[in-house]
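First, one chain by itself: the form predicted on its own, in structure tokens.
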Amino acid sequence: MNQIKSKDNFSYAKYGYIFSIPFIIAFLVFNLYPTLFTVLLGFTDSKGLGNITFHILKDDPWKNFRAVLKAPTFILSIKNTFVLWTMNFIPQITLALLLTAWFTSRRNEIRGKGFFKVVFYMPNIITSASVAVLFSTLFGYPKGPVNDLLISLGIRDSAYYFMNSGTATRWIVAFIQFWMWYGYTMLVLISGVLGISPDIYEAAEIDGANDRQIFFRITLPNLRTILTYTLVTSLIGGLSMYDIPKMLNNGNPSNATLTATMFIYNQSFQNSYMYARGAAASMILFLIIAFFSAIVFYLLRERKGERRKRK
């Protein structure tokens, strides 16, 4: 850090370090220490609420990891997590890109852009508990707004128990995730478009390019970094999905919406309180997220040929 000095050669650089101390302390206490302690627990026999004594498994340090990988419910939870994330991310990124193209179009001036952006983003600021209660009420059985609407339209003769169907529950969870996050994704993409030089768009318009050509040949290629960020953060958030499926139907029916983080919670804080096994499952989930994030970074990386073209 370059030191900024006054006329008296008094250094102000130290104040930057002083102001960063609260963040460093908070990070060490609430992030780094729990992470390292979780790694340690994965190699121990820690078990039981309030039991602070545990021993490192020197004879078989990978015991907890093998137990987790052999658990059918863990494999099911990983599959469910990927399915739910895919079901919500594909329509989420598609709608976000369409809205981004709509809001950033230079030829179609839209009135009230700020209002629409707020409306689309608003679901993201609603708490997950409130959303879960809302959708539980909407799809209630035997009486609920959705069932009443289906019966009144003649689509069904009787009420349908949505929360007793694994397929229906999955679609509801995926829709909630999509509905809550497409507005956030849209704003991130819009901010990326606003960072593209206007000269590029002006040159394309002078050459006679239409909106579709501009979007696919200028906007999307220049959004690669933003798209990588969006995909990786969505992957991390999607594979860490917990609150909506937990509060909506607790992973039921028949573990149809059981996610990896719910499995970790169940291992650590329900019935047997197997902290060590829950910690091992957490590290396995971390490695899965890191692996797929690395694949995303590799596939969306900028090639040398593309760098030369830009130069």
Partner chain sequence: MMNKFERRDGNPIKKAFIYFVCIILALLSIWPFYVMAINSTRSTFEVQQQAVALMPSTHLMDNFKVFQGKSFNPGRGFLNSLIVAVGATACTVYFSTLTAYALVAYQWKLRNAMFTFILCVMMIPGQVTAIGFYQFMYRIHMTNNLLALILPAVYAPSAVFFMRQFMIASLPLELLDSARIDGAGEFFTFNRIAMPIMKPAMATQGIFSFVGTWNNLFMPSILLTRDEVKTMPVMVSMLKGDIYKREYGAIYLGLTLTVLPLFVVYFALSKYIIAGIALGGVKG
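Take the two forms, superpose them, and find the largest set of C-alpha atoms that agree within 1.5 Å; that set is the rigid core. Numbering follows the first chain given and starts at 1. Only a predicted model underlies this, so the values are computations on that prediction, with no experimental measurement involved.
Quick note: we don't show the form predicted in complex with its partner chain, though the next part is all about it.
Contact with its partner chain in the predicted bound form holds for none of Ala67, Lys79 and Phe162, as no heavy atom of theirs lies within 4.5 Å. Taking the partner from elsewhere, Ile125 is found to have a heavy atom lying within 4.5 Å of its partner chain in the predicted bound form. Within this chain, Ser240 lines the site of its partner chain in the predicted bound form, having a heavy atom no more than 4.5 Å away. The closest non-hydrogen atom of Asn252 lies beyond 4.5 Å of its partner chain in the predicted bound form. Though the partner is left out of this view, Trp181 does reach within 4.5 Å of its partner chain in the predicted bound form, counting heavy atoms only. Segments offered: 102 to 110, 217 to 225, 164 to 172, 79 to 87. Contacting its partner chain in the predicted bound form at heavy atom distances within 4.5 Å is 102 to 110. Shown without its partner, this chain lists Leu138, Ile75, Ile155, Ile200 as candidates; in the predicted bound form, only Leu138 has a non-hydrogen atom within 4.5 angstroms of its partner chain. With the partner removed from view, the residue among Leu95, Ala71, Leu231, Val193 that has a non-hydrogen atom within 4.5 Å of its partner chain in the predicted bound form turns out to be Leu95.
Residues of 242 to 279 that come within 4.5 Å of its partner chain in the predicted bound form, judged by any heavy atom, are Tyr242, Asp243, Met247, Leu248, Asn249, Thr261, Ile264, Tyr265, Ser268, Phe269, Tyr275, Gly278, Ala279 in sequence order.
After superposition on the rigid core, the Cα atom of Ile264 is displaced by less than 2 Å between this form and the one not shown.
Annotation: Cα of Thr127 displaced by less than 2 Å between this form and the one not shown, core superposition. In this overlay on the rigid core, Ser152 has a C-alpha that sits 2 Å or more away from its partner position between this form and the one not shown.
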